[in-house]
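Here we start with a single chain on its own, the form predicted on its own, put down as structure tokens.
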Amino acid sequence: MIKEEVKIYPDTTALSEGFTAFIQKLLSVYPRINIALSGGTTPKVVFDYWAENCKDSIDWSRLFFFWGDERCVPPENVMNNYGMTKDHLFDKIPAIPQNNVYRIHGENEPEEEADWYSKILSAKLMQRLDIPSFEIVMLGVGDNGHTVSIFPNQMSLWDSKEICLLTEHPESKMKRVTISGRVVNNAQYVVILATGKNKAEMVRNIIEKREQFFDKYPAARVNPKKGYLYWFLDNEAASLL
């Protein structure tokens, strides 16, 4: 049985406030939080909110940043998730220790990087069932139902025994390094953030018709086995619920 909670906010600012309160609550319990970040427009909004409002109110020394996936391009490329986070968050909050950031090197040879990042996660994270376990995995959900960088035409990869995989975008053919679905579902908290009317149908399909789409969309397979799933949605993304 999935342990799931849906939080709906009037706009992206309120959503960012709600997600920040969620982080702060966990920081009151955990001595450190290892968080897998995602790319996309909604995390960018959250990072901008943190940069503007949370320079001093979050104990950044206890947050350790990883990524759930990365495009195989260098950080200066606008498609790079780490580069986006650096521009919108790290460069604006000097209190974030550089040693707390463990990025996927999109500029490196992809297969070697997937293997290297698997070793980083195994070394830095708590192990549960012999799988690295994040305190928080942040996810987005694509219009096509993908999450991290596992796409609908790659459903078999979700349950891969690998920690990190090399995948390819079905249209652009851009290579990506991604954590597997088993790592996603081994987190203590998985948080899916979605905003905008264009996400409404997919959000409804996954929340209300998960079994129907289980074999069609990777995002429908998000189900933290020993943890909790939280949705942070704005009114538009939640409009069909």
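Keep in mind the model is a prediction, meaning the values are calculated, not measured. When you see a residue number, it is the position in the sequence shown, counting from 1.
Absent from the display: the form predicted together with 6-phosphogluconic acid. The rest refers to it.
Student: Choose one stretch from 23 to 31, 37 to 45, 204 to 212, 58 to 66: the one whose residues place a heavy atom within 4.5 angstroms of 6-phosphogluconic acid in the predicted complex.
Tutor: One stretch meets the cut-off, namely 37 to 45.
Student: Which one of Gly140, Gly106, Gly83, Pro132 is close to 6-phosphogluconic acid in the predicted complex, taking close to mean a heavy atom within 4.5 Å?
Tutor: It is Gly140.
Student: Quick check on Cys164: any heavy atom within 4.5 Å of 6-phosphogluconic acid in the predicted complex?
Tutor: The answer is no: Cys164 has no heavy atom within 4.5 Å of 6-phosphogluconic acid.
Student: Taking heavy atoms and a 4.5 Å limit, what residues of 174 to 202 are near 6-phosphogluconic acid in the predicted complex?
Tutor: The stretch 174 to 202, when checked against 6-phosphogluconic acid in the predicted complex, contributes Arg176, Lys199 at the 4.5 Å heavy-atom cut-off.
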